[in-house]
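Below you will find one chain, with nothing else, as structure tokens; this is the form predicted on its own, and questions on how it binds or moves follow later.
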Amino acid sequence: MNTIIILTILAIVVLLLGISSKKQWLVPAIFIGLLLALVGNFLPQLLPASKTVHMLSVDSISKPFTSLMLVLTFLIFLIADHYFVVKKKTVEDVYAIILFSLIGAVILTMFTNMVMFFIGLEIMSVSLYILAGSKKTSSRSNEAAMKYFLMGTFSTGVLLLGITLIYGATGSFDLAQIGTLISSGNVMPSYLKAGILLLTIGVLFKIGAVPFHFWVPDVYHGAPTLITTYMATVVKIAGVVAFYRLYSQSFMGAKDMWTTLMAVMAVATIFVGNLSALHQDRVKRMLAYSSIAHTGYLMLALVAFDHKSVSYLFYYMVAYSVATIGVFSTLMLVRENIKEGTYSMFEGLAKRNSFLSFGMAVSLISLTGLPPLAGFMAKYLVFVQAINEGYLWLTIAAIIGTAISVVYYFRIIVAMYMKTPSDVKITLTTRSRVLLSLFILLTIALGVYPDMILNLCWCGM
């Protein structure tokens, strides 16, 4: 609760600073506020226990995932300061809406009640509809916002119907009570099964899983690149953690009903994401389909559920998010100089800026899942977990999907190191060099020493 309170105050302060003459304090205030929210995540809660507060739980699940989202948002704001200076546009409205969406994301890591789950989801989603269309002069951005809004509201209706049917069958919105009733061994009424299915469809839409992924390429491509970075990392984490909380606390008693379906959808998500990425000419659309494929790998960790899977899930999200921010940061820096969105803008980048190309290569290789980088260890842990739980066929499918991803990730690496460079020179600011160095070091260090993350949480965090 401390984190939610601090972020709410911070978002209001950002709005007030935006209409004042002290706009130079916007970025420092955000950095200080995010650091305070991170510290507050581990301090005793400010609000006394009550029925309202009991709808949220600050526990061994919410603390690490909330901390991760706060750190990633901090990094994204470091990039945003440079991004918006180059774009020459006002930022206070965008900054405030990002913070409001972060509040919804934090709620999705803490909820213990279906009502609070829906509130958190809508706070995050409504903010994202606005952020997707925040580049008002771009018809592509406006189109992305409209598509996202229309399809998002439809999926929300499906999700609400699912929650309604679950409440009708169990008489409760509380996750623990629902889990107890489902695990009691009584025969489940057909409308409870229908409710679980509809709720699953709604959540799968939010995380961009097949066959509910059709909005992802258009929205990721049309939204401003900074917002795409935020959606591909923080928003995806929030959706996957919400999925984990729902199924681990409420629907484990019906595991036989949904695990096979989830496994098939995980395979479909991996293959559709990877195969579609092969045929993309635009880098952002390729990264959108890549994000879909990684959703499939995350679903694999959810299907192969046991007490270890949550730590592997956390590690995967750390490795994936660091590499994704590294890729999008490089993409933004290149597009400042070359106003294209195709693979050709990376041609000869190694000769124009060797450090930038090295950072991009490290991030792409990590996303591919090759040793010794963090992405390899993340996939290895998830695959081993799936094999131990009896999902060998699912693991083989995921390995084949990883092999396919080598082709489209290495298209950029080949373009950077083996193509003739253009005459455009790319220079980096000191801040950009420091950030890229941080992403490179983290990607390498987490791959070589995974216990840095695996030993960080779950027991007393």
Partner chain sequence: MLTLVVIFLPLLFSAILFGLRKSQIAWRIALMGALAELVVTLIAFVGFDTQNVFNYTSDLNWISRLGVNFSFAMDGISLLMVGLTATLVPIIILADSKHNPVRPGSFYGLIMFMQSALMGVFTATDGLLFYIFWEAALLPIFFIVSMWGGENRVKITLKFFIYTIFGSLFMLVALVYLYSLTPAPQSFSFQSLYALDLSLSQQLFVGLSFFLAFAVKIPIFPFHTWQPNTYVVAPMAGSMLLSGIMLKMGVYGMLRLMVPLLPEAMSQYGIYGIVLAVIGLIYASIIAINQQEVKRLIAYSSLAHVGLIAAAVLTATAGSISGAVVQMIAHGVNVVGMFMIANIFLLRTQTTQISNLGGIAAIAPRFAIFFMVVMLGSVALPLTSGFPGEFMMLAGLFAYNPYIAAVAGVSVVLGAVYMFRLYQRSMYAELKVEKFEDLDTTESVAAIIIVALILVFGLYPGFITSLAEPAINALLAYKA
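Remember, it's a predicted structure, so these values are computed and weren't measured experimentally. Positions refer to the first chain, counted from 1.
Here the subject shifts to the form predicted together with its partner chain, a form of this protein not shown in this document.
Residue contact with its partner chain in the predicted complex: L381 places a heavy atom within 4.5 Å of it. Under a 4.5 angstroms non-hydrogen atom cutoff, its partner chain in the predicted complex lacks I426 among its neighbouring residues.
At least one heavy atom of S311 is located within 4.5 Å of its partner chain in the predicted complex.
Not displayed here, its partner chain is approached by V406 to within 4.5 Å at the level of heavy atoms in the predicted complex. Only one segment in the set 223-231, 254-262, 236-244, 387-395 has residues whose heavy atoms sit within 4.5 Å of its partner chain in the predicted complex; it is 387-395. Contact check for M55, M110 and G171: none of the three has a heavy atom within 4.5 Å of its partner chain in the predicted complex. Residue-level contacts in the predicted complex: of L15, I9, L438, V448, one residue has a heavy atom within 4.5 Å of its partner chain, and it is V448. Between the options S62, N41, T402, S432, the residue in contact with its partner chain in the predicted complex by a heavy atom within 4.5 angstroms is T402. Of all the residues from 357-384, those having a non-hydrogen atom no more than 4.5 Å from its partner chain in the predicted complex are I365, L370, P371, P372, F376, M377, Y380, L381, F383, V384.
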